[in-house]
Structures are given as C-alpha cells and as structure tokens.
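Quick setup: one chain, the form predicted alone, written in structure tokens, and binding and motion questions come after.
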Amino acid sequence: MAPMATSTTSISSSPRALPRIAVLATGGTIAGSAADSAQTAGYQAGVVGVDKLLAAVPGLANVAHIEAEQVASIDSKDMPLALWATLAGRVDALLASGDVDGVVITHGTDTLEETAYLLHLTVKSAKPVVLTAAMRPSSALSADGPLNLLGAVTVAASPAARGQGVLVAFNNRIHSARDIVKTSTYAVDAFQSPEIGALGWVQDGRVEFQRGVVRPHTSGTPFSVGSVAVEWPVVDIVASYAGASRVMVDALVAAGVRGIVVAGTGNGSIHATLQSALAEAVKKGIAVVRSSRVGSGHVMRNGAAPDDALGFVSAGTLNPYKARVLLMLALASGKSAAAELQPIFDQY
C-alpha cells in the first residue's frame, strides 16, 4: 500500500527561540474518528489529518516550532514494508538538516512496536525520534491522543532525549523502542516495557530520564533500509502449542521464505513435531530463530532446544515480532548462518 502524498503544515509562536520538531503523521487510532463520542472501539482509523491533530493540543506552539507532514493515513494493522522504508528515509533526511532538531511520528498502536524497533536499528542520527499513538480515537470522550502528542513533542524537544535511540512517549512514560510492547487491547496505559521498565517520564513540560539505553542503536548499527527498500527478505512467524503440526513450516519452506521465527512456549521451547520440521528447514538454508510467546523474560541459547546441533538462533529478550524485524535486516545485510546471526541477536 503506497503512502499518501506528503503535505506540510507549520505551527509556532516563537520559531527562533524554540526547538524545531518535524511531526510525521501516518494515521492510526490517534487520527481515528467515530460518529458517537462514547464509542472507543467502532471507529475508522487514520481519517483525521495532521492539522487537526495539532490543533487539538493547546500550548503545543509554546513547546516547539512544528513542521508537520501527512506521510500516510492508514490503520497500522495494514502497515506495508514500503512505508517503513519511506519513514526511515524521511526521518534520516529531516535529521540531516540543520533546520530540524527532532522528529515525532504519530502511529497506530497495532504495529507501533515493530516500526519503532525498525527505526531504532536503522535511523542514522543522534537527534531524538519519538513515536506516539492513542488507544482512543480523536472523537472519543477523554481522547488520549492530544496529551500523548504533547508529551512526544516535549520529549523530542528535550536535549536529554538526544542519543537515546528511538523512543516511544505514551501515557506520560518514555520507553525505548527495543523494550516496549503493547500489553492491553483497550487500556490507555496499553504500552509497557515488561522486563526492564520505562526509561523515564514526561509531565507538564518536564522530561526526566532515570536510565539510559545500553545496546547499540541508530548510528551504532550497520543496518539500513536503503538496501531492502525494493525487496525485503521474507520472514514469517509460527507458534508452538499443544498438538502443533509441521504444516505451516512445510508450507513456508515451499513458498521460499528466507527465515522463520518461532513463538515458542516458555523458554522458547518447541513441540517435537514442529522442531523436527524447523531443523529440516535449517538444512535447506532457512534461518530459524527461537523466541517466546510468554510476553517477558529471555530465551536462553540451548536452554530449551539443542541450538548448536540444530542450527537455531536464540532471540534473547526480543519478542517474535521484533525478532522478525532484526532477522529481516540481518538477512538483508548478507548474514544467514546461525554462527553469524547469534552475535547480532546478542548485540542488538
């Protein structure tokens, strides 16, 4: 699905005295609308333009000089990989300019954690990049989008956010793109960093970081979407569960996928029938990464499967969806053997 043509809007009360923040809008619930203000589930995503999103945030012009662009207007469940390439390229171009101090991206909640991690690995700048979203459409009673957008711009305008990689500002908390996951289908505090916790918080114009990001990111990685913008390596996800068969693995192998991520039980453990099929897939040159469906914790290498013997890779603390992002980038960079992939998953 191709992104929409870009449009630009400017808002500021004192452009020379304030940080200059680019707001890139992609749609999502934050730009959703329903006929009934009491409705928070039955709405159309991505129909409200960035101009109206900005207008709904009182005092925003006192925080930063805003240059806004409508990059796309989609429901993020339908996020196309081409839009990832568009976003990464646009972010890099904006941050390379001396006229932009940071970028805020409004996004749907469904795939926000994937987009955020993709940008965390590929953006090449120390300037702040902050994603935000909403659990309630803009038309709803107590819509959470305006406050989340204000928080995101405040974080992006803060010198403390520089060098922290890609961040997510949501419900007054600041999260690292690597750690954050969606944990609720309806609550306004739907995003958490289950294993490690938030990096800090933003409230009433104040930004405080209580810890920093340790793993390499942005300019500290070798990854770029430039090499995969035309054709992404195909990587799919399968799950292990009681009575799992090998049907899905065999179908993916026949379809020519480059990699398979397993949402395993517990410590990434895999049903014996499924494991046998995956071991055969490795022998055919397909990369296999073990993650977990649990939601927190880490997958120990050789902890629940003989990784060395079968050629599997441990995803560590990455959930299946983020493990897929990293595997696609690693495969695109020419790494495919388990011995090459494991250090990448250990590092990023």
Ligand code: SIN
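Numbers for residues come from their place in the sequence shown, where the first is 1. Since the model is a prediction, treat every value here as computed from it, not as a measurement.
Omitted here: the form predicted in complex with succinic acid (SIN). The next part is about that form.
Here the marked residues S76, M135 and K182 all reach succinic acid (SIN) in the model of the complex, each with a heavy atom within 4.5 angstroms.
Proximity to succinic acid (SIN) in the model of the complex, taken as heavy atoms within 4.5 Å, picks out 102-110 from the listed stretches 212-220, 102-110, 156-164, 258-266. Using a 4.5 angstroms threshold between heavy atoms, Y43 counts as touching succinic acid (SIN) in the model of the complex. Taking the partner from elsewhere, S314 is found to have every heavy atom lying beyond 4.5 Å of succinic acid (SIN) in the model of the complex. Though the partner is left out of this view, T29 does reach within 4.5 Å of succinic acid (SIN) in the model of the complex, counting heavy atoms only.
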